Every structure is written in C-alpha cells, then in structure tokens.
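The chain below stands alone and is given in structure tokens; this is the form predicted on its own.
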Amino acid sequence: MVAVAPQTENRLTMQTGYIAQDTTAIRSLDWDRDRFDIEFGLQNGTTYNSFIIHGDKMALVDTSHEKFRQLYFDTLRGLIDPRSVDYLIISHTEPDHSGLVKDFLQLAPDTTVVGSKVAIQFLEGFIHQDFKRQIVKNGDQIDLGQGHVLEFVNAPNLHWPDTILTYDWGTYTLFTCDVFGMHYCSDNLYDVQLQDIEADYRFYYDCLMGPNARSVLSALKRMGKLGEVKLVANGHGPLLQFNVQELINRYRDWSKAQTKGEKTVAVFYVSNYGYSDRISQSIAHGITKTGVTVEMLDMLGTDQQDVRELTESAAGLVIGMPPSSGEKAKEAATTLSTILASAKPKQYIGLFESYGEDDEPIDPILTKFREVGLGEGFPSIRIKDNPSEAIYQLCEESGTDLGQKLTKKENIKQRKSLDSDLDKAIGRISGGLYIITVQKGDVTGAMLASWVSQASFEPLGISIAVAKDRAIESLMQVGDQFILNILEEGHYQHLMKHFLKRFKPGEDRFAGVNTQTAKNGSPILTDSLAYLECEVVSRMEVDDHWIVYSQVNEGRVSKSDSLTAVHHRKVGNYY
C-alpha cells in the first residue's frame, strides 16, 4: 500500500525589517505562487511588500494580497496600532497591493487615503464606503515631520494606469510598488547577490514594463528631479540597496531599446473592466518581441486629443471591447468613436473581448474599421470563459503575429542590403537540425532550430540561440524544461515541413505528429533520432536573439548507427 502525502496549502510567511530611519518593511512571502496577473509563469514565487514610515505623523505605503489577511494584520498590530496611521498611500489599486484596503479602513476609519485621481476613483468602485481621501499629483508633498517629507511622482501605466511613486526626502528612499520589482521570493530582504535575481528582474520588466517603455522613460525623467535614491522599496521581491543605480539604469537602457522601433502599435484597453488590463498587456508583450514599439492607453479618463494623435501615428491598432452599458460605457464609447474617426487605410486592426460580462460585440466594430480600409492584424480574440494559460499564450502569439506583419518588408529590405560576400561567408557555418518541444501547464510550443551547440561537460550543457520574436521564447525562461529533439539524416523532411509552416495563434503545434511524453512533461517526437531533456539555467541577450544555456538531465538515442541531419545555408543573414 502506497501512502499518499496530504495536499498542503501554499507556504505563506511574513517578514519584517527596519530598512531606514523610522521606516519598517512588512513583507508577505508567497513561496509557491507559480503565476502572476497576466499568466506568466513564476519560478521563484513572489512577495508583496508594505511599508510603515514614522514621523510626527505616520504613513502606511500599500497593504497586501487578500490571501495574507490574517497574517498581515497580526503582523501590523504587532508593530503599530492601525488607528495611529494618518495616511494610507496607495501606489496603485491592483489587488495584490490594495486587496486589504477595505479591511484596513474598517480598523482605522479616520485614516486619509492618498493616491492619484484615478486610484481614488478605482477605490470608490470596489470599497463602497465613505473614506477620507487626498488626491496627489506629480510634485505634491506631504510632511510627516522628523524630516520625512514625502514627494509624489506620477508613473501612469507602470504597469497600472493609476501608479504613483513616493520619495522620502528624509531617508532618500523611493517607494515604487511594481516598478523596479521582480517576482522572487527569498529570505533576503535586499538584493544581496545580483546574479541570483537579474534573470527574474529582466523577465518581470519584459512582461510588465517593456510594453510601456515610453512611460518608463517619462517616469525616469520625473525621478531625475528628486534627490539621490539610496534605497528602492519596491512592491515585489527583495528591496534594492546594493545595486540601485545599476538596476535603475537597466530600465533606462532596455526602455530606450524598446522605443527605437520605427513603427508603433497603439493598444487601447479599459481599466478595471473584465480582463482588459491583463489581456492587453499580454498582446503588447507579444508585439514588443518583434521590435515594434507599443503605446498603451486607457479608454477611460484619457484626453481625446491624445487618442487622436496616437491613432493617427500608429501603424497598428489593438482595441479591447468596452462595456456596452453602465458608467464606463459612455466615456469608452467616446474614445472608440475618436479612434474610428482617426483611423486610416493601410493600418492593421486587432480586437479582443475583455470578458467583462457586458462587452460591446466585436463584429459590428470590426466591420466599421474594415470599411475605413484597415487590414486584419490578427483574428479577433473571443473569450468565452475566464482566461486560461492557453488564452494568454494565444494573446501573446497574436501580438507577435501583428508585429511580424509590420516588420516583414523592413526585414526583407535589410536582408538584401547586407554585403553579399560577408553574407555568403557566414552562411558557410553549418549546424545540425533540431526541434525544440515544450509543455508548460496548458501551453505547448515547438520550434525548428539549427543554432545549437554543446557548451559544457560538467554539468552537461548546451546553448541554443532563440529569436526574440519566437513564440516559444516565453516558455524558455530560467528554470523551464524542454526537449531537444535531434533529427535524423535522410529521415527528417516530414518533421521539418510540419514545423516550418506558419501556425495560427493558439494552434496545436503537434496535431498529426507522433509524440510521447518525457519525464519533464514535454513531448518527445517519436520520429527523432535522439532526444535530450533540458532545463534552462541562464540566458544572455544579444540584439535579436536570446542565447539560452541549459543543463542536460536525460537523453536517449533511438538508432545508434544513424547520423544527425545537417543544415547548410547559402546566406547568413536569415535562417
């Protein structure tokens, strides 16, 4: 008889630390969380960080996720009397940071809630009770006494439309919520070892901040008017103390690179409606993988002149369906009318349902854009249930498809412009033929590869170059597992033909292909010559590829007397 271990709940623990003069961090450690809001996988859990600042008056910066309700308030009461908090600063209203605001105000109803105008409006929508409030804008200050003067910095769209940063002139601490954060859970309060966190820091930026790169640069410019930043008190992961300037500068460099694209796609969403925020972010992430710049704009509370200018300048438009009735419907309808009036032929259009239970229907709106002369950027995304991992992957792939359509002509032109002698010389570098296959949760992926090489003996390791705009790239993050299928000389054409074809977003890559399941859960191609089970250890960025180094854990050859298929190219500037 085999004993079955009982199912245990995810590990939830608390940590507190004195981080600066009169300043205490309260960290809610979510050790086993493997997903975050737009359904990108987590390898190392996450944290939700909250902060107490003592002066003559007291401020609490953010709360925590509702799953920590009991743990958080027990910890808070152990440090202070909640009723002694004068200001509750809301960096933004995303539930993982403001999920306990209503509970807090029931304990401390005289506390003044501080936030941006949009944040206060959002809170009114889900707290449904009277509360004291103070709306702040860029440059506004609150003096807590004892030298703690708090100055606020507008940072909309990072990555929520209502985000503000808070700078304490008394301790040179910048409270940033999502900005400069990472989903990384450990007992380390600070960024002690940069190499331990930098992959998660970059992945977090790519998923949440990269699609808003212009907004990142705008926020960094506003931050430049503050004093020295000695400590970044972020909302997720370890606080930044030892690598502050290095990690801030990485945001600047990455964002400049993201905004170099000659073409821009305008992504319009409806904040706090259905899954519009999350779906738009996922599509935007897919677009940015192709080198196309994205500008995201909330259809609510937006100046119509900004809508008009962005629509007219964009090469592509992506629109989340707004509600058809209710308070938000009229304002969103005005924005939608402005977009339609400003759209022009030769632009691409992509629409998605927000799944907010009262969406405007897609087809009549799509027809109006087609009548103006817009082409299809990707098939409309129609959602009939709560979005799954597969739906978010479909959204990302749809964004990548749109980006590739916009860059196709430029890529062909660039290939033709390269020096032919150099091009032919590089093309003489040969490689084997391989197919990478992966399954991660409900999501599967596959890619034909030839840029593969053994990279180490101990441990056994390989390197693979993966283009940034490949759909599978999101499934090959540090800690992810996959199969490298090695193709057989003289017996690979059917597999190569299958995996070279262009798959529609969300299409099953393995339909009609014989597979079996490896120990790591990914599919093995039955007709391959050999296979290796691999786990991603590190990634290095080059201009248009990621060099993925992986450890090999298992392997098998099906035909010991056969040879690996070899790929010879005539030119070296494309596959």
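Everything quoted here is computed from the prediction, not taken from an experiment. The first residue of the shown sequence is 1; numbering continues from there.
One more form of this protein, predicted together with a small molecule, exists but is not displayed; see below.
The stretch among 323-331, 219-227, 100-108, 462-470 whose residues place heavy atoms within 4.5 Å of the small molecule in the predicted bound form is 462-470. Although the partner is absent here, residue 293 sits far enough away that none of its heavy atoms falls within 4.5 Å of the small molecule in the predicted bound form. Contact annotation: residue 71 falls outside 4.5 Å of the small molecule in the predicted bound form, judged by heavy atom distances.
Although the partner is absent here, residue 539 is not a contact residue: none of its heavy atoms lies within 4.5 angstroms of the small molecule in the predicted bound form. Residue 451 belongs to the set of residues with a heavy atom inside 4.5 Å of the small molecule in the predicted bound form.
A heavy atom within 4.5 Å of the small molecule in the predicted bound form is found for exactly one of 150, 307, 433, 174: 433.
Between the options 208, 374, 88, 447, the residue in contact with the small molecule in the predicted bound form by a heavy atom within 4.5 angstroms is 447.
For the three marked residues, 496, 500 and 509, a heavy atom of each sits within 4.5 Å of the small molecule in the predicted bound form.
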